[in-house]
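For reference, the chain that follows is the form predicted alone, supplied as structure tokens.
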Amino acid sequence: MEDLLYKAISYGRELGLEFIDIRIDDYTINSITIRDSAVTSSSINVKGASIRVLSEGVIGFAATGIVNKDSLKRAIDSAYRQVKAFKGLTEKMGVYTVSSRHDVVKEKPIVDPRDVGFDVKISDLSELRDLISKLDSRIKATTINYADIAGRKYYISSEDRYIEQDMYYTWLYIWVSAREADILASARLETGTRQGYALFKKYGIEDIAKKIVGRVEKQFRAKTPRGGSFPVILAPEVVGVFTHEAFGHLAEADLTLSGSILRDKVGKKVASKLVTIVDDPLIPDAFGTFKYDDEGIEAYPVTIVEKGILKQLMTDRIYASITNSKPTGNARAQDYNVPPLIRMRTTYIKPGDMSIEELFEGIDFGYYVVSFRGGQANLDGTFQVGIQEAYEIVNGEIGDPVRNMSISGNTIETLHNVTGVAKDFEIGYGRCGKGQTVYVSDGGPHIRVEKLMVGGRA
């Protein structure tokens, strides 16, 4: 592979290109879906190459599902034809260049998922489905989606940068719905690991089943929340989705320059001094952990907000060139068919120095928000998050569960209202869509927001 790629780079140089890089994907995706008693499965081998070229301020891109000398040459020619066709018609762009580097990054999963048959995986997932149904007869429908990805990525550039990197993702998503009399309830659970087929060793089938069934069970005895502005304690799962969706996307340089509320805020206060937000590729066993991004750039932690001050945006090679900064290792692509975009890795609020119990002190009435159901955020900083597990806080103590709740507001205003950050820390696992889908993690500690809008009855 290395010799083949170097010959392709040499061909690009012969064309007089200022910059050329090539990405190769070579991995397998195994997926299983169980909907009640119906089971479907698939195995897909993903292998192909993407080519990106730069000449006279114009970038061209091409992809091919065949990796050999002739197909790579044709893809380079195709990308170069784009450059010539658009020359003088678009705004000139650049690509931040770096020094030569050769590296091979190997990972050792606990169990390589390619060594585990579909029969074993389906048996484990069926056991999980059966246990969920057994734990609560009110559950009427269960859907389990499972996927594992295992293989290798290759990267080479005209800077004499050559990277090989293993990749492993195992992902599990469960959705259940239940009914008791005229009350409908539903719950979701999403989790994962980078350790291969080790998900049920990490959590345990029984623990996963009890967790999602517990979320449903609480909804049957829950009350509807009051509507209005209240003190709210956010648990790590909700902190993570808020940090990722409501804030993190605003700090991706392509979206920042497209008009996000953070566009003119670098160096300015955007949060309470208790808040430090990091996007980190080094957290053990997180979906966002890797040594090099999809542009062959060394991935390192980015402190986006430090003690309330917006310090840095996440960039790729292109936006590093535009903003006269360094690339941060945040370029990620769903697969070889598409060019990389600026994407988050593992985004979190850094732990503070308070105990969780201290966060609750002094709250006469408020809410403890544990788990989310979905949500949306906008470039103007407004957000809304649906909540599937939450509780009243009464006189500093956790009270009755509530259902059909949402939280909403303005991201920067909410971050300014953070008055307590605990010293615990958890991360979650999920997928992020931005025209492309990539696996990400997010999380943080428990935090206290002094005022947050809660949706419910007035």
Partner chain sequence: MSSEELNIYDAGLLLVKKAVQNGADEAEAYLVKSRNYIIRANNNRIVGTMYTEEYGIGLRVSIGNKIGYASTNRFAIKSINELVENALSIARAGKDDPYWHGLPLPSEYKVPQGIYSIDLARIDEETLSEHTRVFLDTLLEDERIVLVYGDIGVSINSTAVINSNGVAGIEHSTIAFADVGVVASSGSDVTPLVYDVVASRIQMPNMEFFARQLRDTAIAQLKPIKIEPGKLPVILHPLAIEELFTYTLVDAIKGDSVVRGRSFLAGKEGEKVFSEKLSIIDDGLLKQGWYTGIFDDEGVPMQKTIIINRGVVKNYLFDHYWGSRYGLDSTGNASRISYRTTPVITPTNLVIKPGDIANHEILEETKKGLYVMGLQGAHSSNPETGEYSVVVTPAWYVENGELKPIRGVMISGNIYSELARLEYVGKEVIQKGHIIAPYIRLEDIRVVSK
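Positions refer to the first chain, counted from 1. Model, not experiment: these values are computed from the prediction.
The same protein has a further form, the form predicted together with its partner chain, not shown here; the description that follows concerns it.
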Would D380 show up as a contact with its partner chain in the predicted complex if we use heavy atoms at 4.5 Å?
yes
*asked:* I'd like to check something about K201: if you look in the predicted complex, is any of its heavy atoms closer than or equal to 4.5 Å to a heavy atom of its partner chain?
replied: no
Using the partner position in the predicted complex, report whether S325 sits within 4.5 Å of its partner chain, counting heavy atoms only.
no
Can you check whether W175 is within 4.5 Å of its partner chain in the predicted complex, heavy atom basis?
yes
Only one of 336-344, 193-201, 355-363, 107-115 sits within 4.5 Å of its partner chain in the predicted complex by heavy atom distance, namely 336-344
_Please determine whether each residue of D3, R101 and L128 possesses a non-hydrogen atom within 4.5 angstroms of its partner chain in the predicted complex._
no
The listed residue (R226, R215, K291, K350) that reaches within 4.5 Å of its partner chain in the predicted complex by any heavy atom is R226
Answer key, its partner chain contact in the predicted complex at 4.5 Å (heavy atoms) among I283, V278, L255, I149: the residue is L255
